[in-house]
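Shown next as structure tokens: one chain only, the form predicted alone.
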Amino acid sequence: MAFIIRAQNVSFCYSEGESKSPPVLKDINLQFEKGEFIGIIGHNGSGKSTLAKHFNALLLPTKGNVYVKDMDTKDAKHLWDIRQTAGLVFQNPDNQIVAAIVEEDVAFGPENLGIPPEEIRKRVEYALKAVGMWEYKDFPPHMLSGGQKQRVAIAGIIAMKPECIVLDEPTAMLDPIGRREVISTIKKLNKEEGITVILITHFMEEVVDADRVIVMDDGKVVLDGTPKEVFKEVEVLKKIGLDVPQVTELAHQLRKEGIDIPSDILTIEEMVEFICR
């Protein structure tokens, strides 16, 4: 089996030596297959954003190794290849937008890779169409909504043709409409373009359609499975300070009242279908 990203016995401290800080990551072992849609959830301080930065070598493990397509992130000669393979989208799109026009911003990454101009034009058009922003190509980014800015930031990564996109809480600063726009774009890229997606979030509803959900707490992986497998562990999730999707919570409460209802219901549609039966 070919894994696009592997983390082997990864631990990480932000400072070492005499002023050594407590480990933020503790002996993480994970493997991601090409084309997977993975959700990583956890409360603030659980280590999920720190882990995300390891997937494209923004941070390097204190102990253990991270491999991106079998390239060790600690090997400096692979740095550009790793960052072309795994692109990182940050929480605040304003931190990633660098140009005065949308089209120029999306072209920035490929230009820095030395891509020929004709190929850059093709990539920019492809990327903006992929996120539904082609009609805004001549707009100044500051004229866009938060959700539109985040889609432009994602397009800037897509234009570099990564095989994997790591999104670090990309909807945290958006309103519900912007969140829906961005999540819809992410799902489309995964299903239609075959791009591996690793979505770090604290909104449970955003990962109910993922292939796999990983739950982190105190720098460790505490749950790893399909959304149905993970979210039926309601008590475990609540114990570490996480919510579950509202429909799952409703099913959990009904079961506590003695009603025979599946514990792995995730969506309103599944609840309606069960009740109608």
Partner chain sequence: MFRNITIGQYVPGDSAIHKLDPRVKIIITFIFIIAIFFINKFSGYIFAMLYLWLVIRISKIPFSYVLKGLRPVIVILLLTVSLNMFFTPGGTVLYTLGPLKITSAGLKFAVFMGLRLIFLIIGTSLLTLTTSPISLTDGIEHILKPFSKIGVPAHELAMMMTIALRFIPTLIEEAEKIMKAQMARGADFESGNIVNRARGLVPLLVPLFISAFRRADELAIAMESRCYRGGHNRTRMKKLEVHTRDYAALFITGVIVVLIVWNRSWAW
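Residue numbers count along the first chain shown, from 1. The structure displayed is predicted, hence computed values, not measured ones.
Separately, the form predicted in complex with its partner chain exists; it is not shown, and the next lines address it.
*Asks:* Thinking of its partner chain in the model of the complex, which stretch from 67 to 75, 187 to 195, 110 to 118, 202 to 210 has heavy atoms inside 4.5 Å of it?
*Replies:* So the stretch in question is 110 to 118.
*Asks:* Can you tell me if residue 156 lies within 4.5 angstroms of its partner chain in the model of the complex, counting non-hydrogen atoms only?
*Replies:* Because a heavy atom of residue 156 falls inside 4.5 Å of its partner chain in the model of the complex, the answer is yes.
*Asks:* Wondering, does residue 136 line up within 4.5 Å of its partner chain in the model of the complex on heavy atoms?
*Replies:* Residue-level check for residue 136: no, no contact with its partner chain.
*Asks:* Might residue 146 be said to contact its partner chain in the model of the complex, defining contact as any heavy atom within 4.5 Å?
*Replies:* Outside the cut-off, so no.
*Asks:* Do residue 163 and its partner chain share at least one heavy atom pair within 4.5 Å in the model of the complex?
*Replies:* Result no; residue 163 lies far from its partner chain in the model of the complex.
*Asks:* Of the residues 130, 183, 88, 174, which one places a heavy atom within 4.5 Å of its partner chain in the model of the complex?
*Replies:* Here the answer is residue option 88.
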